[in-house]
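Here you get one chain, nothing else, as C-alpha coordinates; it is the form predicted alone.
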Amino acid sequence: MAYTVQDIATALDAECYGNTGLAIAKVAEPASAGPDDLALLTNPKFVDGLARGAARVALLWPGADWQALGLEAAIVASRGRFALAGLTAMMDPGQHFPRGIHETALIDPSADLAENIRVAPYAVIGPRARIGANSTIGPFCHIGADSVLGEGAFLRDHVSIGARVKIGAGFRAQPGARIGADGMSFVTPEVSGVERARGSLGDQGDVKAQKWARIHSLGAVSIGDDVEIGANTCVDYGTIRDTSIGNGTKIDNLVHVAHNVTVGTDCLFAAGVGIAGSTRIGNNVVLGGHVGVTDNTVIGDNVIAGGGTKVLSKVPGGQVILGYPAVKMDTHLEMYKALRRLPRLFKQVAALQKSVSKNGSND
(Lines give C-alpha, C1' and ligand atoms only; values in the text may rest on other atoms or scores of the structure.)
Protein backbone atom coordinates (compact mmCIF):
# COMPACT_ATOMS: atom_id res chain seq x y z
CA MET A 1 0.00 0.00 0.00
CA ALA A 2 1.28 3.46 -0.94
CA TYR A 3 1.09 6.55 1.27
CA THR A 4 1.67 10.20 0.44
CA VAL A 5 4.42 12.18 2.13
CA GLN A 6 1.69 14.09 3.97
CA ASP A 7 0.05 10.85 5.16
CA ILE A 8 3.33 9.61 6.60
CA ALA A 9 4.24 12.91 8.26
CA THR A 10 0.81 13.15 9.88
CA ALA A 11 1.01 9.59 11.19
CA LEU A 12 4.49 10.24 12.65
CA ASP A 13 3.62 13.68 14.04
CA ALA A 14 6.50 15.03 11.94
CA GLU A 15 7.04 18.04 9.66
CA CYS A 16 6.96 17.69 5.88
CA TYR A 17 8.14 19.98 3.10
CA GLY A 18 8.02 20.24 -0.70
CA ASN A 19 5.78 18.09 -2.86
CA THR A 20 3.86 16.42 -0.04
CA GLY A 21 1.55 14.65 -2.48
CA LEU A 22 4.30 12.27 -3.68
CA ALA A 23 3.31 8.62 -3.20
CA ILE A 24 5.67 6.36 -1.27
CA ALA A 25 5.64 2.63 -1.99
CA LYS A 26 8.31 1.45 0.43
CA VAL A 27 11.24 2.43 2.65
CA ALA A 28 14.88 2.05 1.60
CA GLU A 29 18.42 2.97 2.55
CA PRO A 30 19.65 6.09 0.72
CA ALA A 31 22.06 4.36 -1.67
CA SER A 32 19.47 1.84 -2.84
CA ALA A 33 16.36 4.02 -2.78
CA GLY A 34 14.32 4.35 -5.97
CA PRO A 35 12.12 7.27 -7.10
CA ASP A 36 9.04 5.88 -5.26
CA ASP A 37 10.91 5.05 -2.03
CA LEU A 38 11.35 6.99 1.18
CA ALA A 39 15.08 7.16 1.89
CA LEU A 40 16.02 6.83 5.57
CA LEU A 41 18.59 9.53 6.25
CA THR A 42 18.25 10.50 9.90
CA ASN A 43 22.00 10.76 10.44
CA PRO A 44 24.04 13.26 8.37
CA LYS A 45 27.09 10.96 8.29
CA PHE A 46 25.28 8.79 5.74
CA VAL A 47 24.39 11.67 3.41
CA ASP A 48 26.82 10.54 0.68
CA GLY A 49 24.63 7.51 0.03
CA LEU A 50 21.78 9.70 -1.17
CA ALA A 51 23.66 10.65 -4.36
CA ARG A 52 24.08 6.97 -5.27
CA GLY A 53 20.34 6.34 -5.11
CA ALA A 54 17.35 7.86 -6.90
CA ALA A 55 15.16 8.95 -3.98
CA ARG A 56 12.98 12.00 -4.38
CA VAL A 57 11.98 12.16 -0.72
CA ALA A 58 13.75 11.29 2.52
CA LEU A 59 13.20 11.10 6.27
CA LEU A 60 15.78 13.62 7.52
CA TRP A 61 17.34 14.89 10.74
CA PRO A 62 16.22 18.24 12.21
CA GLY A 63 17.79 21.20 10.45
CA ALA A 64 18.70 19.32 7.26
CA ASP A 65 18.62 21.38 4.03
CA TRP A 66 16.44 19.07 1.95
CA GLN A 67 16.55 21.29 -1.12
CA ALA A 68 20.35 21.37 -1.13
CA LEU A 69 20.25 17.58 -1.09
CA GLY A 70 18.33 17.63 -4.39
CA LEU A 71 15.09 16.24 -2.97
CA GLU A 72 11.56 17.07 -4.08
CA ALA A 73 10.14 16.57 -0.59
CA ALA A 74 11.23 15.74 2.93
CA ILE A 75 9.90 14.52 6.26
CA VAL A 76 11.72 15.77 9.37
CA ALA A 77 11.28 14.05 12.72
CA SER A 78 12.71 15.27 16.02
CA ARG A 79 13.94 11.75 16.83
CA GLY A 80 14.44 9.78 13.67
CA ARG A 81 14.92 6.36 15.21
CA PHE A 82 11.71 6.69 17.21
CA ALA A 83 9.88 7.80 14.06
CA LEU A 84 11.15 4.60 12.47
CA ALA A 85 8.92 2.60 14.83
CA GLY A 86 5.76 4.21 13.50
CA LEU A 87 7.01 4.27 9.92
CA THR A 88 7.83 0.56 9.81
CA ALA A 89 4.45 -0.25 11.38
CA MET A 90 2.76 1.61 8.53
CA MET A 91 4.84 -0.02 5.79
CA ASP A 92 4.94 -3.59 7.14
CA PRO A 93 3.46 -5.90 4.46
CA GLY A 94 2.64 -8.55 7.07
CA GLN A 95 2.65 -12.34 6.81
CA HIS A 96 -0.51 -12.69 4.68
CA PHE A 97 -2.13 -15.28 6.93
CA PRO A 98 -5.64 -16.08 5.66
CA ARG A 99 -8.67 -14.43 7.19
CA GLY A 100 -11.02 -16.48 9.31
CA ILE A 101 -10.44 -20.00 10.57
CA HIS A 102 -8.75 -22.37 8.15
CA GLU A 103 -10.47 -25.69 7.54
CA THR A 104 -7.38 -27.66 8.61
CA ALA A 105 -7.20 -26.02 12.06
CA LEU A 106 -8.12 -28.30 14.98
CA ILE A 107 -10.11 -26.40 17.59
CA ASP A 108 -11.59 -28.09 20.63
CA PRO A 109 -15.35 -27.41 20.91
CA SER A 110 -14.86 -26.04 24.45
CA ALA A 111 -12.35 -23.39 23.34
CA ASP A 112 -13.58 -19.79 23.45
CA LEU A 113 -12.55 -17.62 20.49
CA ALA A 114 -13.57 -13.96 20.44
CA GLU A 115 -14.46 -12.00 17.31
CA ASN A 116 -12.19 -11.26 14.36
CA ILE A 117 -9.66 -14.05 14.95
CA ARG A 118 -7.43 -15.58 12.29
CA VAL A 119 -6.44 -19.21 12.71
CA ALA A 120 -4.00 -20.37 10.02
CA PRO A 121 -3.60 -23.90 8.60
CA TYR A 122 -2.84 -26.80 10.95
CA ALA A 123 -3.05 -24.78 14.14
CA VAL A 124 -4.29 -26.66 17.23
CA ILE A 125 -6.31 -25.01 20.01
CA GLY A 126 -6.91 -27.12 23.08
CA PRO A 127 -9.78 -27.57 25.55
CA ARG A 128 -11.11 -24.48 27.31
CA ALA A 129 -8.45 -22.23 25.78
CA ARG A 130 -9.55 -18.59 25.51
CA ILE A 131 -8.28 -16.26 22.79
CA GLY A 132 -8.99 -12.53 22.75
CA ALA A 133 -10.43 -10.50 19.89
CA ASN A 134 -8.35 -9.47 16.86
CA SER A 135 -5.76 -12.18 17.45
CA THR A 136 -3.81 -14.16 14.85
CA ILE A 137 -2.74 -17.76 15.36
CA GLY A 138 -0.18 -18.72 12.70
CA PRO A 139 0.34 -22.03 10.92
CA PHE A 140 1.25 -25.08 13.05
CA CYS A 141 0.80 -23.22 16.34
CA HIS A 142 -0.36 -25.08 19.44
CA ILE A 143 -2.44 -23.44 22.19
CA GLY A 144 -2.71 -25.70 25.24
CA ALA A 145 -5.65 -26.51 27.46
CA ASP A 146 -6.96 -23.77 29.79
CA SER A 147 -4.52 -21.22 28.38
CA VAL A 148 -5.51 -17.58 27.88
CA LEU A 149 -4.33 -15.09 25.25
CA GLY A 150 -5.46 -11.49 25.51
CA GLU A 151 -6.70 -9.26 22.70
CA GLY A 152 -4.50 -8.58 19.70
CA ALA A 153 -2.16 -11.56 20.09
CA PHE A 154 -0.01 -12.30 17.05
CA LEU A 155 1.64 -15.71 16.90
CA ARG A 156 3.90 -16.50 13.98
CA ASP A 157 4.25 -20.09 12.76
CA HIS A 158 5.18 -23.02 15.04
CA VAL A 159 4.61 -21.20 18.34
CA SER A 160 3.73 -23.41 21.32
CA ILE A 161 1.71 -22.18 24.28
CA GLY A 162 1.48 -24.78 27.04
CA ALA A 163 -1.54 -25.62 29.17
CA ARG A 164 -2.59 -23.12 31.84
CA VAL A 165 -0.41 -20.28 30.48
CA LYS A 166 -1.92 -16.82 30.96
CA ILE A 167 -0.90 -14.03 28.56
CA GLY A 168 -2.13 -10.42 28.42
CA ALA A 169 -3.08 -8.19 25.51
CA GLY A 170 -0.83 -7.32 22.56
CA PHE A 171 1.35 -10.42 22.83
CA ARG A 172 3.67 -11.14 19.90
CA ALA A 173 5.70 -14.34 19.40
CA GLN A 174 8.19 -15.17 16.65
CA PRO A 175 8.53 -18.60 14.96
CA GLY A 176 9.39 -21.48 17.26
CA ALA A 177 8.80 -19.67 20.56
CA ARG A 178 7.97 -22.14 23.35
CA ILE A 179 5.99 -20.82 26.31
CA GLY A 180 5.39 -23.40 29.02
CA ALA A 181 8.07 -26.08 28.77
CA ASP A 182 8.71 -28.13 31.90
CA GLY A 183 11.36 -26.63 34.15
CA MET A 184 14.64 -28.50 34.62
CA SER A 185 13.99 -29.72 38.16
CA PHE A 186 15.51 -33.05 39.17
CA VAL A 187 16.60 -34.49 42.51
CA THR A 188 18.54 -37.50 43.80
CA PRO A 189 17.50 -39.73 46.74
CA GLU A 190 20.71 -38.79 48.58
CA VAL A 191 22.60 -35.49 48.68
CA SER A 192 24.17 -35.23 45.23
CA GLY A 193 27.73 -34.39 44.25
CA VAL A 194 26.41 -31.16 42.78
CA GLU A 195 24.93 -30.11 46.13
CA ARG A 196 28.15 -31.00 47.94
CA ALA A 197 30.28 -29.11 45.42
CA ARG A 198 28.07 -26.07 45.75
CA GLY A 199 28.29 -26.11 49.52
CA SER A 200 32.05 -26.63 49.57
CA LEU A 201 32.79 -24.53 46.49
CA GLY A 202 34.53 -27.37 44.71
CA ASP A 203 34.68 -30.63 46.65
CA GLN A 204 31.94 -33.10 45.81
CA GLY A 205 33.13 -35.79 48.26
CA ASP A 206 32.89 -39.49 47.42
CA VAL A 207 31.65 -39.76 43.85
CA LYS A 208 28.67 -42.11 43.54
CA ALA A 209 26.33 -42.99 40.71
CA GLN A 210 23.29 -40.74 40.75
CA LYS A 211 19.78 -41.32 39.47
CA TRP A 212 17.67 -38.27 38.91
CA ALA A 213 13.98 -38.08 39.80
CA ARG A 214 11.76 -35.55 38.05
CA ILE A 215 10.11 -32.76 40.03
CA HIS A 216 7.01 -32.01 38.00
CA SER A 217 6.03 -28.46 37.07
CA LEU A 218 2.78 -27.57 38.83
CA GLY A 219 3.13 -23.86 38.18
CA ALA A 220 2.49 -22.25 34.81
CA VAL A 221 3.66 -19.07 33.03
CA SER A 222 2.08 -15.64 33.48
CA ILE A 223 2.89 -12.93 30.93
CA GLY A 224 1.67 -9.33 31.04
CA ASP A 225 0.51 -6.96 28.30
CA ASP A 226 2.55 -5.81 25.30
CA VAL A 227 5.21 -8.52 25.62
CA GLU A 228 7.22 -9.86 22.67
CA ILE A 229 9.04 -13.20 22.55
CA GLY A 230 11.69 -13.98 19.93
CA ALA A 231 12.23 -17.01 17.70
CA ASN A 232 13.17 -20.27 19.45
CA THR A 233 13.03 -18.66 22.88
CA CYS A 234 11.87 -20.84 25.78
CA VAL A 235 10.03 -19.79 28.92
CA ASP A 236 9.67 -22.65 31.41
CA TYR A 237 6.80 -23.43 33.74
CA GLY A 238 7.26 -22.66 37.41
CA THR A 239 7.65 -25.57 39.80
CA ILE A 240 4.91 -24.52 42.25
CA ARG A 241 4.30 -20.83 41.48
CA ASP A 242 4.24 -19.35 37.99
CA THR A 243 7.22 -18.11 36.05
CA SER A 244 6.25 -14.50 35.29
CA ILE A 245 7.14 -11.77 32.79
CA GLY A 246 5.94 -8.20 33.32
CA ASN A 247 4.23 -5.75 30.98
CA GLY A 248 6.17 -4.31 28.06
CA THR A 249 9.14 -6.69 28.23
CA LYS A 250 10.82 -7.56 24.90
CA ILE A 251 12.81 -10.78 24.53
CA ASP A 252 15.02 -11.62 21.54
CA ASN A 253 15.73 -14.98 19.87
CA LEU A 254 17.29 -18.02 21.56
CA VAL A 255 16.70 -16.80 25.11
CA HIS A 256 15.99 -19.15 28.01
CA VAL A 257 13.92 -18.04 31.00
CA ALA A 258 14.01 -20.90 33.51
CA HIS A 259 11.47 -22.10 36.09
CA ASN A 260 10.26 -19.72 38.81
CA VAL A 261 12.02 -16.69 37.28
CA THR A 262 10.30 -13.35 37.81
CA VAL A 263 10.94 -10.64 35.21
CA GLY A 264 9.74 -7.06 35.77
CA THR A 265 8.21 -4.52 33.39
CA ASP A 266 9.80 -3.03 30.26
CA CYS A 267 12.90 -5.22 30.29
CA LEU A 268 14.93 -5.89 27.14
CA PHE A 269 16.86 -9.16 26.65
CA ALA A 270 19.08 -9.65 23.60
CA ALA A 271 19.78 -12.96 21.85
CA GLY A 272 21.34 -15.84 23.75
CA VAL A 273 20.48 -14.62 27.27
CA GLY A 274 20.12 -17.40 29.84
CA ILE A 275 18.40 -16.81 33.18
CA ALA A 276 18.62 -19.67 35.69
CA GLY A 277 15.82 -20.74 38.01
CA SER A 278 14.21 -18.66 40.77
CA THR A 279 16.02 -15.45 39.83
CA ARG A 280 14.23 -12.13 40.25
CA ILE A 281 14.83 -9.38 37.70
CA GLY A 282 13.58 -5.85 38.29
CA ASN A 283 12.01 -3.28 35.97
CA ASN A 284 13.71 -1.70 32.94
CA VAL A 285 16.61 -4.16 33.01
CA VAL A 286 18.62 -4.53 29.78
CA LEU A 287 20.66 -7.71 29.23
CA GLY A 288 22.97 -7.72 26.19
CA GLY A 289 23.64 -10.73 24.00
CA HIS A 290 24.74 -13.95 25.73
CA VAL A 291 24.38 -12.59 29.24
CA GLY A 292 24.10 -15.39 31.78
CA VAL A 293 22.42 -15.03 35.17
CA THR A 294 22.90 -17.57 37.95
CA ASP A 295 20.01 -19.08 39.87
CA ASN A 296 18.38 -17.71 43.02
CA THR A 297 19.79 -14.22 42.65
CA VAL A 298 18.37 -10.71 42.27
CA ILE A 299 18.97 -8.01 39.66
CA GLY A 300 17.66 -4.58 40.66
CA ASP A 301 15.74 -2.04 38.58
CA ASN A 302 17.41 -0.20 35.68
CA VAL A 303 20.47 -2.46 35.51
CA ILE A 304 22.28 -2.69 32.15
CA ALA A 305 24.50 -5.73 31.50
CA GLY A 306 26.84 -5.59 28.49
CA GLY A 307 27.11 -8.51 26.08
CA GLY A 308 28.67 -11.70 27.45
CA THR A 309 28.35 -10.66 31.10
CA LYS A 310 27.99 -13.48 33.64
CA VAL A 311 26.01 -12.46 36.72
CA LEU A 312 26.97 -14.65 39.70
CA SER A 313 25.60 -12.57 42.59
CA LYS A 314 23.09 -9.85 43.44
CA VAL A 315 23.27 -6.65 41.38
CA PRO A 316 21.97 -3.42 42.98
CA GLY A 317 19.63 -1.22 40.97
CA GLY A 318 21.00 1.27 38.46
CA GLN A 319 24.37 -0.38 37.87
CA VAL A 320 25.97 -0.82 34.43
CA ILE A 321 27.94 -4.07 34.49
CA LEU A 322 30.23 -6.10 32.27
CA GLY A 323 32.51 -9.12 32.40
CA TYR A 324 32.88 -12.57 33.95
CA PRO A 325 32.23 -12.30 36.82
CA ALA A 326 30.12 -9.19 36.43
CA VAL A 327 31.57 -5.97 37.84
CA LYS A 328 30.84 -2.31 37.16
CA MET A 329 31.61 -1.54 33.53
CA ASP A 330 34.30 1.07 34.26
CA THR A 331 36.00 -1.38 36.64
CA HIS A 332 35.93 -4.11 34.02
CA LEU A 333 37.47 -1.83 31.41
CA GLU A 334 40.30 -0.93 33.79
CA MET A 335 40.83 -4.63 34.52
CA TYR A 336 40.92 -5.38 30.80
CA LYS A 337 43.46 -2.62 30.15
CA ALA A 338 45.63 -4.00 32.97
CA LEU A 339 45.36 -7.51 31.51
CA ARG A 340 46.56 -6.29 28.13
CA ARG A 341 49.53 -4.61 29.80
CA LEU A 342 50.64 -7.80 31.59
CA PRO A 343 53.00 -9.12 28.83
CA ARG A 344 54.83 -5.77 28.75
CA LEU A 345 54.92 -5.70 32.55
CA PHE A 346 56.42 -9.20 32.69
CA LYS A 347 59.16 -8.14 30.25
CA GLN A 348 59.89 -5.08 32.36
CA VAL A 349 60.07 -7.14 35.56
CA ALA A 350 62.34 -9.70 33.86
CA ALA A 351 64.63 -6.88 32.68
CA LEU A 352 64.73 -5.42 36.19
CA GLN A 353 65.53 -8.83 37.68
CA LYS A 354 68.33 -9.29 35.16
CA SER A 355 69.69 -5.83 35.92
CA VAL A 356 69.56 -6.36 39.69
CA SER A 357 71.20 -9.76 39.36
CA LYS A 358 73.97 -8.35 37.15
CA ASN A 359 74.61 -5.42 39.47
CA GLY A 360 74.68 -7.73 42.48
CA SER A 361 77.29 -9.99 40.88
CA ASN A 362 79.50 -6.95 40.12
CA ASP A 363 79.51 -6.03 43.81
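If you superpose the two forms and keep the largest set of C-alpha atoms that fall within 1.5 Å, you have the rigid core. Since we're looking at a predicted model, the values are computed, not measured. We number the residues from 1 along the sequence you see.
Heads up, the form predicted in complex with another copy of the chain isn't pictured, but that's what we're talking about next.
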property	result
244, 160, 136, 279 - the one with a heavy atom within 4.5 Å of another copy of the chain in the model of the complex	160
Heavy atom within 4.5 Å of another copy of the chain in the model of the complex - residue from 50, 64, 322, 315	322
Partner proximity in the model of the complex: residue 349 to another copy of the chain, non-hydrogen atom cutoff 4.5 Å	yes
Contact flag, residue 29 vs another copy of the chain in the model of the complex, heavy atom cut 4.5 Å	yes
Partner proximity in the model of the complex: residue 99 to another copy of the chain, non-hydrogen atom cutoff 4.5 Å	no
4.5 angstroms heavy atom contact with another copy of the chain in the model of the complex for residue 77	no
Residues within stretch 325-350 having a non-hydrogen atom within 4.5 Å of another copy of the chain in the model of the complex	325, 327, 329, 331, 332, 333, 334, 335, 336, 338, 339, 340, 341, 342, 343, 345, 346, 348, 349
Core-aligned C-alpha movement of residue 350 between the shown form and the other one, 2 Å or more	yes
